[in-house]
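So this first bit is one chain, no partners, the form predicted on its own, shown in structure tokens.
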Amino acid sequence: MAEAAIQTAPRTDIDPREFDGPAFQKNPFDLYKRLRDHHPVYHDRFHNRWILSRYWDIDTAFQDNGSFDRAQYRPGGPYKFGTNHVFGPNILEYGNSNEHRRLRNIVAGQFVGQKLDDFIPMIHQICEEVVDRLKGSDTFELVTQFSSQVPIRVISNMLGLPREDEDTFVGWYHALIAGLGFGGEHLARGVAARNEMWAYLDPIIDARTGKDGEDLLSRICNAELAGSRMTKEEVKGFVALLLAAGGDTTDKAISNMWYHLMYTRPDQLDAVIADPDLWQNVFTEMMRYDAVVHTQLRYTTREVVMHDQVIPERAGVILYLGSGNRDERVFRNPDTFDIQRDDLHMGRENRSGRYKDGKPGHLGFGIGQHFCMGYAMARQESQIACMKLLQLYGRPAPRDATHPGITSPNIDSGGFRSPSELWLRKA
């Protein structure tokens, strides 16, 4: 009896090599639960890092900039920022520093409010153009023919680049994303694509600097805060970052939304068809249930005590957002995809993570100083794209009875969690 009990007892230990295996790449949620229940602060000695997995612990790390920093290197030190990144110099590398605040404050206002609203008609136009390419087809592949096309074409047009160069921009985007991985070949192609894109942008930036213009690139070139503007290299680095932050995440958000309505909860698609405003709920619940981005990295600036553990100074800390979003201590039935759930804030996000309705929000955009600048654009673009697709296809259905599901990319190539392909057909 005792031996049988031991054999059937739920597993509580963690082998850090599990994080590198195909099972975790496919389904990380079982390991997330073991972390939350038995190792809320886990010291992964194999990868030389610490892991936080519970919702409120992750929230604490986001809010506590005095203890957790995003930057690996210190501003003012010998490291030249951007030298080891496929994007070149970009805002993320500067962590909690004054330089990060300077760069963020210069550009953040371009992605919210009236300045974002100015681009909404163009987003509708681009979505309609991509959807038009699908007309006459009874089946289509969502990832390559739709979701990966819309965001990059939107960004290209927001930047005011020539329409005839959109396909080139899409190619650079795919190479840059692959370059975020660890594979040498992917990195080399990513750096080559970045350099080609920068050479292309150089004369355009020169032409638009110092001149009024309503396109995003002109706004960024000339945006000023207390007499400070971005340098040319910073502008180019920001454009590269915009492709990943505004392109890859939105691309995969659209794919993930459709995957869940096709395979996880097809019963809820009828509600969305009856009320297209529910696309905002689909987006929000996707960001909770299985968001595109599952992790963020921080470095401690001093010793931090959590759950009777002491995380040392300058330790790398992984915040598993994908785990916090499934925390049973916060959400009822967290492993159920439900666009009608009443324990999740379903409206627009804000950087404080605190909402008047008293409900917790998803962690997918971060919280606090590093809250995603493009959150409103990603939400708007995803909802508009999905509504346009629904208008064309009525009630689409999955072409295949089964699907391998959402997965993380291979370790040697960058990108975020999404289905590698998703075939739909007219019902």
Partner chain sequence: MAKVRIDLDTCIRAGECYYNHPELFRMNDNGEPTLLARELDTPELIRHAREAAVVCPASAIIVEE
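Computed from a prediction, not measured in an experiment: that's the story for all the values here. Positions refer to the first chain, counted from 1.
Only in words, not in the display: the form predicted in complex with its partner chain, which the text now covers.
Student: Which residue among Asn350, Thr139, Asn333, Gln125 has a heavy atom within 4.5 angstroms of its partner chain in the predicted complex?
Tutor: Only one option qualifies, and that one is Asn350.
Student: Of the residues Pro360, Pro398, Pro40, Gly368, which one places a heavy atom within 4.5 Å of its partner chain in the predicted complex?
Tutor: For this set of options, the contacting one is Gly368.
Student: Are all three of Arg17, Thr301 and Arg314 close to its partner chain in the predicted complex, meaning a heavy atom of each within 4.5 Å?
Tutor: So, no: the whole triplet misses its partner chain.
Student: Does the 4.5 Å heavy atom contact test between Lys356 and its partner chain in the predicted complex come out positive?
Tutor: Because a heavy atom of Lys356 falls inside 4.5 Å of its partner chain in the predicted complex, the answer is yes.
Student: Is Gln380 a contact residue for its partner chain in the predicted complex, using a 4.5 Å heavy atom cut-off?
Tutor: Taking the distances in the predicted complex, the answer for Gln380 is no, it never comes within 4.5 Å of its partner chain.
Student: Should Arg133 be classed as touching its partner chain in the predicted complex when contacts are defined as heavy atoms within 4.5 Å?
Tutor: Flag for Arg133 set to no.
Student: How about Asn105 - does it come within 4.5 Å of its partner chain in the predicted complex, if we only consider non-hydrogen atoms?
Tutor: Residue-level check for Asn105: yes, a contact with its partner chain.
Student: Out of 97-105, 236-244, 324-332, 144-152, where are the residues with a heavy atom within 4.5 Å of its partner chain in the predicted complex?
Tutor: This holds for exactly one stretch, 97-105.
Student: Could you list the residues in 26-64 that come within 4.5 Å of its partner chain in the predicted complex, counting only heavy atoms and keeping sequence order?
Tutor: Going through 26-64 in order - heavy atoms within 4.5 Å of its partner chain in the predicted complex - there is one hit, Gln63.
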